Each structure stands twice: as C-alpha cells, then as structure tokens.
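One chain is shown next in structure tokens, namely the form predicted on its own.
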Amino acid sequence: MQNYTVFVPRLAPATENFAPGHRACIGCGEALAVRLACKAIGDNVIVANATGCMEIVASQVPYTSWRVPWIHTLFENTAAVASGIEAGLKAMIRKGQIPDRETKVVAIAGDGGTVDIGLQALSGAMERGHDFLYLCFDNEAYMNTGIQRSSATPFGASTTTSPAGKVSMGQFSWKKDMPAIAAAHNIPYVATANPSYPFDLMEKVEKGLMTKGPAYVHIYSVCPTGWRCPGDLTIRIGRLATETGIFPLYEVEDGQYKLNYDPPKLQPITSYMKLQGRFRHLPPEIIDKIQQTIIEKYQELKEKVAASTGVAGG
C-alpha cells in the first residue's frame, strides 16, 4: 500500500484567479496550465512573474488577468524577487508590523527564464532554503520573443535559432533535465506536471505550496504557435508526451522518487512528433536515435523510483 497523501485543491472549479480575457494564442497550453495552477494556489498569495508569454498576454496596461497580488520581474531574477518577498514578509511578521496570515509566495517563469538565464537566481534561492513555490511553464523555447531555442528545446526541434536546413537538423543538444537539477539541491519537493492531466497538476501545485521550504514544479506547456501544431490538439499532444515517456509525471519528496503514471507500454515517439511541424524534417535514423534515448532515460527514472521504494524496476 502506497503511503502518501492525496491533496485536493481548496478552491471550487468556478473560482478563477487567472481571469479570462488575456491575449494568449488559440490553444495555448501554458495559459491552461496557469489557470489550473491558480485554482490550486488560491488568493492568499503573492506572485512574482518573469518576463515571458504569460506576463505579456495577461498584463497589458491598464488591463490584467491576475486577481491576486502580482509583480512583474525581469527574465533572470524571478527567484531572487520571490526570495526577497518571502524574507520581507518574515521580517515584518517578526517585528509585529503585519499579522501572520500564512501568505504564500509563488514564482512563475518559462523555460528560458528558468533553465537558462534564471538558473543562477533559482539555484541560490533553493540553496538558501527560501519558503516559496517555483513554477516553470516549459514550452521548450523562447516563444514570446520569436521562437528561439532554449536549453529546454528538445533534440532535433526546429526553431528560428536552430533552424532545419541543409547544414542543420535543428536543435543540436538534448533537453536540460531541470527537475533533476532542482532535486540535486536536496529541496523537499520537486515534481513534473502536465495540464493534460489537470487534477494531477493541481494536486502537485497544492502540495508544493504546502511544503515548508523550496518547492519546484516543472509544467509541460504545449505551444501551438512555436511547435506548429493545431490549437485543438493541445490536450492530445500533452497526453502523448507522457504516454511516450518524453515527459513523465513524477515527484521527488525528500529525495524519494515516485512515478505518478506509468503506461503499460510506452507509445512510439512518432505518434507525438508527427503532429508537430517542428519535427517534420527529421529523417528516420534521427528519430530512431531519439526514440532510444527516451527509452533509456525513462528506464533510468524507473530505476530511481525502484531505488526509492525498494521494488525492482522493469
């Protein structure tokens, strides 16, 4: 029998702290993920939001989609600003300047603002042990500024700065494993989430919010514009990312790995790739190479889970 607590989001589904009316693209997986996360976060929160798609589409003066206290930060310093907010709240409570309402602090950024130019600030904040939740919404490139590659862009994907052509087959490096980097900081809670599995996402955001100390949730965010796929396939592509093993759903609680969904058999990655224009140029031998790497990485994850539970992996 598994020994873990299932967290149910505190808010009724009708409550929307990320209001409609924003300017996100049709089918935006990130907007859906933010909406679900905000349902779990509630309104007793201060959000620090890095420059990126969600900041742009949801905060054009004089309008905003944010129904909670919210501050826009630079690409690179979201975690530093969240750290300052958290430390400031503690100091004001200690001095009796404000009552202790157990206000939570949440930092939000995309993959560029997290795995690239924001990694230094995030690493420092996790190392110092600040009590906040960090949400990375990963759409696998710098979508807001023109679909440039990031270190979260998957191997072989075509972007404007890793274009497919006669001398290039797209992204030349493998996707940086940011959840593993976060877990290596020995923080109490790390998880991956996917809006195609909404209740799992909300439970993990809730759990991260209730964790004492740093918590990190890496959220898969389909981008129809940058991935060159139809907007009505967002949920399907998200599910395929998990069913193929490309984006597995797991948690790392106090160093112990737990796989939240383990398909009976991984689907071939071609079922995922064929729906997206960014992979259309790849020859069969490169797809086979990617397939083998995905299988190996998924097996490595299952071995970590087995080592945590004492059950042999397979």
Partner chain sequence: MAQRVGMEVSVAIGEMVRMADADVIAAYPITPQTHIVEHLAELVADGELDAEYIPVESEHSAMSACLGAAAAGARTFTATAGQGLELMHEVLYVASSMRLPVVMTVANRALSAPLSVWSDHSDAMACRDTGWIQIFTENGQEVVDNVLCAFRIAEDAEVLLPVMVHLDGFHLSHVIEPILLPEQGEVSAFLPPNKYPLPLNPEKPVAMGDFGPPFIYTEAKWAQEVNLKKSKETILNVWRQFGDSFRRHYQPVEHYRSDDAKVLLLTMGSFSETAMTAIDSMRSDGKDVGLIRLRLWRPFPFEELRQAVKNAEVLIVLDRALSFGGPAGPVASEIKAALYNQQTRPKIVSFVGGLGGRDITAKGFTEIVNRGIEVAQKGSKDEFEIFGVRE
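Owing to the predicted nature of the structure, the values given are computational and were not obtained by experimental measurement. Numbering follows the first chain given and starts at 1.
The protein also exists as the form predicted together with the partner chain; that form is not presented, and the subsequent description refers to it.
The stretch that touches the partner chain in the predicted bound form, counting heavy atoms within 4.5 Å, is 124 to 132, out of 196 to 204, 124 to 132, 169 to 177, 230 to 238. For Ser83, a non-hydrogen atom is located within 4.5 Å of the partner chain in the predicted bound form, even though that partner is not displayed. The partner chain in the predicted bound form comes within 4.5 Å of no heavy atom belonging to Gln267. Contact check for Asn186: no non-hydrogen atom falls within 4.5 Å of the partner chain in the predicted bound form.
Using a 4.5 Å cutoff between non-hydrogen atoms, Ala31 does not count as a contact of the partner chain in the predicted bound form. Looking at 42 to 63, the residues that come within 4.5 Å of the partner chain in the predicted bound form, counting any heavy atom, are Asp43, Asn44, Val45, Ile46, Glu55, Ile56, Ser59, Gln60, Val61, Pro62, Tyr63.
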